[in-house]
Structure formats: C-alpha cells, structure tokens
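One chain is shown next in structure tokens, namely the form predicted on its own.
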C-alpha cells in the first residue's frame, strides 16, 4: 500500500499495521467475491430437484447429518469466507420467510454472479450491472404475477394443498411416502389454521420422532404426545374423559427458606414429625381429588411417599414434564397451569377425551397420548423411521411442507414448478431487454440467462442433456405460448407441469428472485476488501 507524504516530505500513516493486512481492490476484489459466491452455489447445485443428491455433513463433535435441504447444508458447513456467509444468510432468510426453496435461491444467486463476471470482463461498470439486475428482477416479479393461478380450497377440498406439498416433498429423501406425509402436513396445518384471518401458528404443531417402525407408520395425533409414562407402574394405562390438573409446584412437604435445625430427642417427636409430613401429602392428594381431577401432570418430581399415596387414592400422575410440553397441554386441554396447591379450582382443570399410555416395540419405551382435547388447536405429527438421521431429515421435510401449506393459506396463488416459471420469466425478461437503450440491456439479458440456471440444474441432476432439454422446452413455451412447460424430471413423458401436478407457491418464487438479486447487488458493490492476514 502506498505511503503518503506531507509537504515537508515526512511519511505519515493512513492505515494502521498495513503490512499485516491484505488488501484486494477493484476488479480483483469483485472477482474474488464472485468466485466465493459461485463456490457455495456449486455445492448446492447438485441437490436441486426431485433427483437431487444428498449431502453428508459431519460436525466437529462427530454428529452426522444427511440432508438435501439447502438451508441445513449451509448452516452446518461452517463457512469462513465473508461472501460465502452472505450466501448462507441468503438461504436462511428464505427459510425463515418462506420455509421452502432454500436451494433454488442460492443456485439463482450463483448464476447471477457468474453472468456478472462475464459482464465485468467486458468492462461494464458493476453499478450499471446492479441497476440492470434490479430492473430485470422487477420485470420477472411482475411476470410471475401474470402467469400465477389461484385455486380455491376449503376444509372439504384439500387436494390442491396436498399436491403442492407433494411437490415440496418429492425432492426430499421421503419421496416414496410423499402422498401420506403431504396429507398429514395439510391436515395438521388446517387443524391449527385460522381461515378467517388467513393465519397459521406453526408453534401449535409439534413434530416428534421415535426411532423404530417404518416411515409409513408416521401419524397425525389430534392432541399432544409426552415422552413420559405414569409415575407408578400400577396406575391405570388409559383414562377416558380425563380432567387434568397441570401443576408447577412440587409434590413435597414445604421446606422453610431459613436455615434451621430441629432437635428430636424422643421417638414420639419423630412420630409426630412423620405424621405431620404424611398429613401434608394427604392434604395435597385430597386437594387434587376434591377439585375433581382424574390425572395430575406435574413439572417436578414426587416423593416416593406421595407416589404411593397417589396410587392408593386412584389418582394417576405424570412427573417431570417439561415447560414447553406443559404449555402445549394447557393450550390443547383448555386448562390453566397452577403454581400453588391453594389455587387449584375446578375451572382450572384441562379436559381431554382420552389419555392413554402406549408402548413401542420391545424396548419398553412408553409415551403418553393426550387426545380428543377440548380445544383441538394443538396437534402432533409423530414420525417413525429406521434410524435417527432418517427421522431428523423427515422432520426437516415436514417443516418445509408445513411452511408451504401455511403460505398457501396466506396467499393461494401458485405457479407451476419444474423450472417452467423460470423459463417463462427468462423469455419475458429477454423480450423486455430491447426497450432499454443503455448499457443496462446487457445486464438484463444476463439476468435472463441466469434464470435458465435453475431448469438447467434440474435437467442435469435428472440425467438429461441440459442444453438440449432446456432449448427444447424453451422453444415449446414460445411456440405454444404456454408458460407451464417445464423440465420432465421424473420421465412421465409430458412437459406440461399442469398434467404432472407440480406446483410451487407464488410468494416463494417471488421471494427467491428478489432475495437473490439483492444479495448479488450487494456483492457487486464491494470493490475493496481489507482483511487481517493470517499469522
């Protein structure tokens, strides 16, 4: 870095410790940033679409994750480069906002960067490229609205929702059961959805998994499952029309807060103390009985004495239930969480039609099912699978499907998948480029080429000839003026995505294009990178 001199010829410092910093400027910096972004996109490119490959990631402490969910891959990949971190955040924001399309958004950004690199080599100024991209993304955004279609669904007609969730699940490892999983996801979302306000609270859907069984055994429970069993093996395993007391106070005699010592010098005194303790327990159990509860769910443990008494008084109980589960049980059963025994009243009890304990396989694993609740606004999706990784990946896939169903309830417009929306936008952007006289039209054309990257990757991953397939579909779209032609990944024999029932949500697609353009503009505007050099 150059030294600066004042008028007397004395050097002075502009950057501190400049010899220990590395600096990239101008076109070099942009090229380095672009290649970092492209590298990340290249990793995800192979996992796009129904024939996409999975990635296996090992964390530093030896946990293995197998997934093809873009956001998960990038989260676990521990990236060091700053520009690569931008790509990770890009897929994360797509995941938070839409929940699906996390791979596609990164592939899209990578393609835009690749096109920008070619334009930079021709000597076009990066800001002009960024402006051209901005114009083109607006054109694509509006074009998507034009080709989108609305469909109506109701509690009776859920088929369109199921079809869209199946599209999401078809690119995951669980695609052999996509029909049943999609139905489970849609039913779960509709159970907790508020259709008047078009709002869905996904916190009310609990996704639980247990190793064992097969993927087909996955079920939807209109209620809550708790990974606990009754506190005493002889308590009843099934309670009908349960009235549930939900307690956060321990079933123990109260301990004074002060430091003290009790001197007991005769047997009689010890007997009185013991009787006093027993009376405490008696009162507690009696209190629960008087209110009319038939099941006690407690956040803390009980003494053996209390357990024994509960058993004798025919009051089944569950102990050590976590706070989140307690809240869900309270929401589902319409009960109130009671912090002190004195506050127990009949109004605060939750009601459930059936509480049953269920054991699995030969492992003596037991779980409690709380079903037919007063307020069935809380549901549980219970996943079974051959191993832990399978269950984790199924949970991620179900999360994507739930998000898609939620987005459709919020906004019921869809576009067709299989790359058809991107190809259609690409044709529209290409046609609009001629209207712009300046240098921007090069950038707008480049944007149109970049849009082709998604269908190209789809064709490549499905083992088709990418360029031939893409050009055939593109010419078919132009000739028939039909924006629903896409890449036939599953070899069905038709390019029309309406017949294949491949749908995607409109807001998901629009978000992809906007987010990718934003990140690329940001990367193009950086022309100086100063970083501390490695020691």
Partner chain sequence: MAVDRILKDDASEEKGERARMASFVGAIAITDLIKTTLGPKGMDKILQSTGRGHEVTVTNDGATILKSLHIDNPAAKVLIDISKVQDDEVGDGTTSVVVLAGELLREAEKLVAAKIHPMTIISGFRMAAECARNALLQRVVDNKENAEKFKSDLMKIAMTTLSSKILSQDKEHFAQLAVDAVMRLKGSTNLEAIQIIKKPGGSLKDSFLDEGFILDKKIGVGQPKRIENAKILVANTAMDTDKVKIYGARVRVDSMAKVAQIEAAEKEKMKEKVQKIIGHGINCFVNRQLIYNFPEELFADAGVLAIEHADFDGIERLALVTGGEIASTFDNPESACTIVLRGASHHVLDEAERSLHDALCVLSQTVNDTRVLLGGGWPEMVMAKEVDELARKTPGKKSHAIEAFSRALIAIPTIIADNAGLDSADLVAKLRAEHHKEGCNAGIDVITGSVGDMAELGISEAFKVKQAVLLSATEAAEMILRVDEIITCAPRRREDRM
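From a predicted model like this one, the values you see are computed outputs, not experimental measurements. Positions refer to the first chain, counted from 1. Each form is matched to the other, and the largest set of C-alpha atoms that superpose within 1.5 Å is called the rigid core.
Note that the form predicted in complex with the partner chain isn't included here; everything after this is about it.
Contact with the partner chain in the predicted bound form holds for none of 318, 425 and 513, as no heavy atom of theirs lies within 4.5 Å.
Although the partner is absent here, residue 523 is not a contact residue: none of its heavy atoms lies within 4.5 angstroms of the partner chain in the predicted bound form. Interface residue remark: residue 266 is counted as part of the site for the partner chain in the predicted bound form, having a heavy atom within 4.5 Å. Within 4.5 Å of any heavy atom of the partner chain in the predicted bound form lies no heavy atom of residue 468. Among residues of the shown chain, residue 68 is one whose heavy atoms approach the partner chain to within 4.5 Å in the predicted bound form. Taking 143, 172, 348, 187 one by one, only a single residue has any non-hydrogen atom within 4.5 Å of the partner chain in the predicted bound form, and it is 172.
Only one of 304, 434, 196, 121 lies close to the partner chain in the predicted bound form, with a heavy atom inside 4.5 Å, and it is 304.
Heavy atoms within 4.5 Å of the partner chain in the predicted bound form map, among the stretches 133-141, 323-331, 414-422, 206-214, onto 206-214 alone. Residue 277: CA moves 2 Å or more between this form and the one not shown after rigid-core fitting. With the core superposed, residue 166 shows a C-alpha displacement below 2 Å between this form and the one not shown. Superposed on the core, the two forms barely differ at residue 450: its CA moves less than 2 Å between this form and the one not shown.
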